[in-house]
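Here we start with a single chain on its own, the form predicted alone, put down as structure tokens.
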């Protein structure tokens, strides 16, 4: 293992840990706004109870995301100095735009959102919730802009070997940005839908039949069922865009070695890069051509087209991209089956009398959005190799010359800390659910509705 490989693994570990939490906060902010608007309109206490439980999860996720994001940003200087040296004129402003339009907004209104429900007017608290949710979305927008530009760069010029912006509109709205942004927003929505449905199902299994639990379970199932078809459509469009702009990545995703038509959809295989073939392949004839070109005999690029005359490999590692794509799609299919099956069960039994078996399944799928997100992220980012910025900056050109031992020791430290933090995070959410099941979370505090003044003082004992 050299510095390049260890640095890639370390950055991959950091970003894998970090992305888990924005994936929750992006959509959970909007879900909290929905709960608050329902309470303001109906006055039903269940919506405010749902808000007060899930805002704790939002706060925990937000804090974890901020801290891990700071750690990740340090690595631009410690492990990848060549990145900012060459493309900092584009990357720097985009990261600054995120801070100015997202972090400031979230920092100003997060306190009101978390602690002001009974202390300010209802419309002020609702507005704060909206602005925090909007801030998380803006943060996502700018990060996706930068990441998409790294995959499909445009709107720049090279001066003395350094990238300079020539057209910010083209940089921001680069060819892959709209597809990636929609795909990420839907991924976050599905992550939250299955999280809230899964935790609510777990609480019901523990005996909590509160109105808020049943309402949130219903919302989670309906949201998941509504978003998964949209995600499948968005994924198809994203795949077509990737085929146009990054054909080597698509070839790796499909495990296709030769450029040809009538390409089968490979369900299972063990890609062998040394032999340039798939072993133990199980495939459906012509389906890959149909999906990618919308024609049974459409031509799909092959990996062998991306090998230089001197044998240099110019395509990504095949196995992780191939399997990452299948794990993402497989998880999505499981989400489709479970959410639509949950709709049928809701119609037949209602949330109150949901059978225990589907509740167990929903509980097991609580963090399935994380699995799909990570698998999709690995497919996207590993699929860009050997480039850091497609066609502009290779990964090996940007890495630092930090000694191997230093990178390895910090990598081990990161993995230990992140493993403990993940366990702690899931443990805290489980603890909150247990407390809520025992009725220990909610107090007798009164929350103002639309048009009402805030409560002047707290209830006795609060």
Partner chain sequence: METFGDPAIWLPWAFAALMGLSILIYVVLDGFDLGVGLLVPLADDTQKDRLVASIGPFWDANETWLVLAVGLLLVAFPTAHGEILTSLYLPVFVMLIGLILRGVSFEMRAKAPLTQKKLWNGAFFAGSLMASLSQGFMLGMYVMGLTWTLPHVAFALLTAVFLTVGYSFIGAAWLIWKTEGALQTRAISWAKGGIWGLVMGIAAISLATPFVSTRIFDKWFSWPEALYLSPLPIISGALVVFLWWQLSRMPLKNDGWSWTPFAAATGLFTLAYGGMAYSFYPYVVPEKITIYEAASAPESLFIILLGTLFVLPAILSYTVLSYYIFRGKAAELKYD
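Numbering follows the first chain given and starts at 1. This structure is a prediction, so every number in the text was calculated from the model and none was measured.
Although not depicted, the form predicted in complex with the partner chain is the subject of the following passage.
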| property | result |
| --- | --- |
| 4.5 Å heavy atom contact, residue 413 and the partner chain in the model of the complex | yes |
| Residue 394 within 4.5 Å of the partner chain in the model of the complex, heavy atoms | no |
| The partner chain contact in the model of the complex: residue 259, any heavy atom under 4.5 Å | no |
| Heavy atom of residue 387 within 4.5 Å of the partner chain in the model of the complex | no |
| 226, 291, 215, 120 - the one with a heavy atom within 4.5 Å of the partner chain in the model of the complex | 120 |
| Residue (of 368, 379, 140, 79) lying close to the partner chain in the model of the complex, criterion heavy atoms within 4.5 Å | 79 |
| Interface stretch in the model of the complex with the partner chain - options 236 to 244, 358 to 366, 318 to 326, 160 to 168, non-hydrogen atom within 4.5 Å | 160 to 168 |
| Within 73 to 95, the residues that have a heavy atom no more than 4.5 Å from the partner chain in the model of the complex | 73, 74, 76, 77, 78, 79, 81, 84, 85, 89, 92, 93, 95 |
